[in-house]
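The chain below stands alone and is given as structure tokens, in the form predicted alone.
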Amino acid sequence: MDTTSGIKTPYYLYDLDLLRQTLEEARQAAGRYDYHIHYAIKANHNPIVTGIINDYGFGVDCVSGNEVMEALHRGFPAEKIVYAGVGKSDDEIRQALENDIFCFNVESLEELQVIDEIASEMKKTARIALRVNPGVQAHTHKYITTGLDENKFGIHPSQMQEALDLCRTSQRLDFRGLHFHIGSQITSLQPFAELCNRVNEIWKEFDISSMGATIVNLGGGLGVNYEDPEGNPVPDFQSFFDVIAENLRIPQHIQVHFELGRSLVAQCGSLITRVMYTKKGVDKEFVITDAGMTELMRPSLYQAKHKIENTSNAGETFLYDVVGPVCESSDVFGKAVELPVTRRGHILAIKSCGAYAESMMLRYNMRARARSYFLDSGEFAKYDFLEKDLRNVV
């Protein structure tokens, strides 16, 4: 890999001022309704990023035992950690119980039974919310839709009564409420209105209030603008929370929780990469970068599109297929991307990489780990850290 002003490419570059602006707007919008936000740490577990998120008082949404431990290591209080995921291992459950996390979001009858058994063995009480599969179409990519009958997530309503009965009879399960999540990168507010209507129905149908419920967790999924990140740097959190408030009809004393990830961090990050080669095909021209699917998996995984800028040149534009060096035909960032004349050595910035880029980084082809750098108050800052600083992330 080459270097750019002494910095080896590719690397992730985070705008911490934009991150803080986004967090502040989310906090204020949620605060109007006394809503609670847990940051979905799977989106980005960079220690500098999560440290700032912790400063704003958010909790954490985890989907693995390592994420739970990383959140604790980063200073997030246990009473603000929720733990979802369809495949929690026995050891992960024990670990979460030992650290007295706020709530398990339980995704199947058998998981509920296992948590009950482990909590009994440990003489612990497990606070739980039942994740219900609401059957709401999120109108997003099939790989990031999570609330339909054929998805692996959540408990189907036909099994809810059995799950509630176990919660009633167990001495070790502390039923706190319900959990829902319908998908990710949802760009219309209508699915969230539909989710609220379905929550209202389920709450009434199963008389959840009679169970002593105190919370409902509506998940996350609010999308960001990948096409025009500069024009839309901060999602419209106020409209999002307004839709929830207008449509949710459950008792007023119930705390409403959310798990926002992408919407909090996506726009503050970019992937900076150098053009290694250009290559003429029969009907197209390729730009080959030193970043690949190992640094940004989303385009290869589900054909996601990111805005790409040539920061080294301007003027007349041409169409290029922008591809990486990884030995896979799917290692493509974009086809027919409009860029100024692009040559070897030029620097490209792939935008909206604050979410699901660094956290999904691969070491495939034995590639070196890309580093992270930061813009803070408009100045370039090197808040460096080593992999060993990520307590449970290898």
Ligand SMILES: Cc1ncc(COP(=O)(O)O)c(C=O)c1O
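Numbers for residues come from their place in the sequence shown, where the first is 1. If you're wondering where the values come from, they're calculated on a predicted model, not measured in any experiment.
Only in words, not in the display: the form predicted in complex with the named molecule, which the text now covers.
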Exercise. Is every one of Thr273, Gly292 and Asp331 in contact with the named molecule in the model of the complex, taking contact as a heavy atom within 4.5 Å?
Worked result: no
Seminar exercise, completed: Interface check vs the named molecule in the model of the complex: of Gly177, Pro134, Pro229, Gly261, the one with a heavy atom inside 4.5 Å is Gly261
Exercise. Out of Gly220, Pro299, Pro235, Gly324, which one falls within 4.5 Å of the named molecule in the model of the complex, going by heavy atoms?
Worked result: Gly220
For this session: Would you mind picking out the stretch of 92 to 100, 316 to 324, 120 to 128, 181 to 189 that comes within 4.5 angstroms of the named molecule in the model of the complex, counting non-hydrogen atoms?
Result: 181 to 189
Problem set entry | in the model of the complex, Phe58 touching the named molecule (heavy atom, 4.5 Å) | no
Problem set entry | Proximity of Leu348 to the named molecule in the model of the complex, heavy atoms at 4.5 Å | no
Exercise. Any of the heavy atoms of Ala84 lying within 4.5 Å of the named molecule in the model of the complex?
Worked result: yes
Exercise. With the cut-off set at 4.5 Å between non-hydrogen atoms, does Lys42 touch the named molecule in the model of the complex?
Worked result: yes
Problem set entry | Contact set, 343 to 357 vs the named molecule in the model of the complex - heavy atom within 4.5 angstroms | Tyr356
